[in-house]
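Shown next as structure tokens: one chain only, the form predicted on its own.
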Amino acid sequence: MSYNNIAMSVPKRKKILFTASEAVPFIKTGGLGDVAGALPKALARRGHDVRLVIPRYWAVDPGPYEMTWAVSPMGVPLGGRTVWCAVRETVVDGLRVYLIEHEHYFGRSGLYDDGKREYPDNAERFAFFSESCLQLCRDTGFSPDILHCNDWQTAMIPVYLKTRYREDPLLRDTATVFSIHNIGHQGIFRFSNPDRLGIRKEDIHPDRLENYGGINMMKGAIFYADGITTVSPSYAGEILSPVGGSGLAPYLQRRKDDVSGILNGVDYDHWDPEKDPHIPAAYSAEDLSGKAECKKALQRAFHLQEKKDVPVIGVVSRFAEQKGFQHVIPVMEDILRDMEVQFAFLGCGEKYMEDFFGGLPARYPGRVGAWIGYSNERAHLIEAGADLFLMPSLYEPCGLNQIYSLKYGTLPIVREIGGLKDTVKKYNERTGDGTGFTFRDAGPASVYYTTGWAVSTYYDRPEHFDRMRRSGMREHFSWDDSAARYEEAYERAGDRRSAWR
């Protein structure tokens, strides 16, 4: 069946089990949580029987949800032994959600680390979670057409399904789709006893799970999954290259016909300046007057001078090298010296970055504000009140903040990489077209000159700036559009599963 024919046909209603290590509104550390909280709902709206499975971490408070016991107890086979756990069940916005409860594995303060170091038993924790998703199907009698796995924490599901469960009458026809949200995190472990994870000796092989004497869980999923997706078309191409593939490019190249890039959507129920409860004034592309009120509120919240005619550049980010802020530091004071501009920083991460950006307000009072940490309310206020939004990422599988910025009329300054390239249209100074300011080469000079280009456009070509602002606000990146593309990926994965059998 051709790709075009799939796109034109009405998709068959499918039973889908969506598995992830985090999901909004329960728990979130990054973009995976947003995807797992939104995509299953979009698929359910399109008529599919979708169920979501996540761990029940200590930080997930069951109080706000009407939870019942779905399976209690549940015995999960893992490496020749049975691990006993329980499964809670609730419904959020019409989506059935299962939470795997096991105090030893998930009753901890952090999801993946204790704030300083990764948990040493992460391999076992998430191998157990993968097995528990399959056992949940068996104990509830749910036979999914598609088992959608996300990142390394669920990467063992395709491995188990094609090996230990290949003749299971309930699961033998289930196809797997494995989504790569960030190939920089692969689930690499030095593990002396793979039997403890239920891994067969023949899978400790360089083409499957073996990784320099240890194991690589994502590598195993790439070998065994029926379909592979990632979170933007450009990123799908980048991970096939030696630079972008982080060591997995040769294995992805072998599966390149099964790899597709599907751009993440945005939950406009939560990110829309016309109905955002976190901002002081609503506004739209047709009436931008409320944005001026939001700018004034942002300047007050971050102790900036209340100047309506000075552009404010916003930042909401992890302070990490992936995000490119090591290239901002060398030119930050040059920007403040040479340009009439203000900054509002919200983020945390690398200590030296926190110290640098957190220390700027004392040296540049009224011109730079910083909040080290995270605040959802302040994130919304920055998106609404800033004029420009800086994202100088070294790599960005999809990115969401640039899409939020477009909706809020806050023009992005981004590097042409991954999802940033796919969502931000470069400003054409001759015509005034575009939705943001982009650059190709990573480095301090690119950050300095592209920021200067954006600031000069604000002052010297205000009619272009206004035109781009309104154009960006009319862009639309919905989860319903993304869900349609996932339906196509599910069809191809199902075809491949049938051919494999």
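We number the residues from 1 along the sequence you see. Computed from a prediction, not measured in an experiment: that's the story for all the values here.
Separately, the form predicted in complex with a small molecule exists; it is not shown, and the next lines address it.
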Mind telling me which stretch in 159-167, 279-287, 211-219, 394-402 gets its heavy atoms within 4.5 Å of the small molecule in the predicted bound form? 394-402
Tell me, which of 300, 318, 96, 138 has a heavy atom within 4.5 angstroms of the small molecule in the predicted bound form? 318
One residue of 182, 174, 229, 234 in contact with the small molecule, assessed in the predicted bound form (non-hydrogen atom, 4.5 angstroms): 182
Please determine whether residue 434 contacts the small molecule in the predicted bound form, using a 4.5 Å cut-off between heavy atoms. no
Using a 4.5 Å heavy atom cut-off, state whether residue 54 contacts the small molecule in the predicted bound form. no
Check whether residue 186 has any heavy atom within 4.5 Å of a heavy atom of the small molecule in the predicted bound form, and answer yes or no. no
If we define contact as a non-hydrogen atom of the residue within 4.5 angstroms of the partner, is residue 323 a contact of the small molecule in the predicted bound form? yes
